[in-house]
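Given as C-alpha cells, the chain that follows is alone and in the form predicted on its own.
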C-alpha cells in the first residue's frame, strides 16, 4: 500500500515537471518574439514619437524613418468595413441555426460556414482577386475588406452561436409566454442579455481581421504616397507593410517593419484586454 502511494506520487511529480517543461518550451518563442519586437520596435518609436503614426512611409533613399499612416488607416478602415459586412450575416445565421437546429438549412449553414474556417487565407485572396479586382480593374480597400470579411465570417459565426446557445431555456420560454415571436424575443430580450458576449465576439473578430496578411496580398494594393485615396482605390495595411518591408533589402525599411510590428502588438493587446474585461462574468 505504501509503495503504491509512493509510486503514484513519483509519477505525479514527473508528469508535473514534464508539463512545466513543455509549457516553458511553448511560451519561450512567444516571449522571444515579444522581447525582440519591444527592443527593436521600441527604439524606432522612441526616435520618431507620434510622427511614426502620422507620417508617410520612407522611400529607399530616405534618411528618416517616416511613418505608417497609410497602413494604419488602411488596416483600421478595412477591418471595420469587413466587420460591417460580416456581422449581419453571421448574426442572422447564428440566430437561425440556434433557433431551428434540426432544420436542414441550419445543418447546411453549420457545415458550410465552419468549413470556411479551414480554407487558406491566400485562396480567399485569389478568389477576390479573380472576381472583384479583375472586374474593377484595380486593387482597392473594398476588395481587401471583402477578403477579410470572408476570412472572419466563421470566427464571428462561432462567437455568435456560442452566445445564443448560452441563453437559458427558461428565458426563451418566458419570452414566448409573453406572446413574443422569435424576432421580437431576439430584439427585446436576447440582444440585451447577450450584448457583452456579442460585443466580445465583434472585438475578437476585428482583431482577427486587423492582423491577417494573406487575404490582402492580391486585393489591397500598396498605397504609400497618401494616407487615404478612397474605398475604391488602393490602400495599405500594417501586416502587409510588415511583410513587404521585412523582405526588402533596405535597412530603413527593416526599422519601419519593426516599429509597425510593435504598434500591431500594442493594438492586439489593447483590444484583447478590452475583450477580456467585457467577457468577465459572461459564459460563452
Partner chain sequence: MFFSKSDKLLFYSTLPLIVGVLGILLILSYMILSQSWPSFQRFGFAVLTTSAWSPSDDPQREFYGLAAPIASSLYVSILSVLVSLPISICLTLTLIEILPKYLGAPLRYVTEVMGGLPTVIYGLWGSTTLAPFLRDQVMKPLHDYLGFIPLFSCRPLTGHSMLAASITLAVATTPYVTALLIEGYYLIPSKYKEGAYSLGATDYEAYKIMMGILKPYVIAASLLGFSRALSETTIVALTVGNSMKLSLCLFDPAYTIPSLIANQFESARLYEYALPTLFAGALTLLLISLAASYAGIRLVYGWRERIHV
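Computed from a predicted model, the values in this text were never measured in an experiment. Numbering follows the first chain given and starts at 1.
The same protein has a further form, the form predicted together with its partner chain, not shown here; the description that follows concerns it.
Segments offered: 66-74, 53-61, 237-245, 224-232. Contacting its partner chain in the predicted complex at heavy atom distances within 4.5 Å is 237-245. Taking the partner from the other structure, its partner chain in the predicted complex has no heavy atom within 4.5 Å of any heavy atom of residue 198.
Although the partner is absent from this view, residue 206 stays clear of its partner chain in the predicted complex, with no non-hydrogen atom inside 4.5 angstroms. Its partner chain in the predicted complex comes within 4.5 Å of no heavy atom belonging to residue 135. Using a 4.5 angstroms threshold between heavy atoms, residue 29 counts as touching its partner chain in the predicted complex. Residues from 43-68 do not approach its partner chain in the predicted complex: none has a non-hydrogen atom within 4.5 Å of it.
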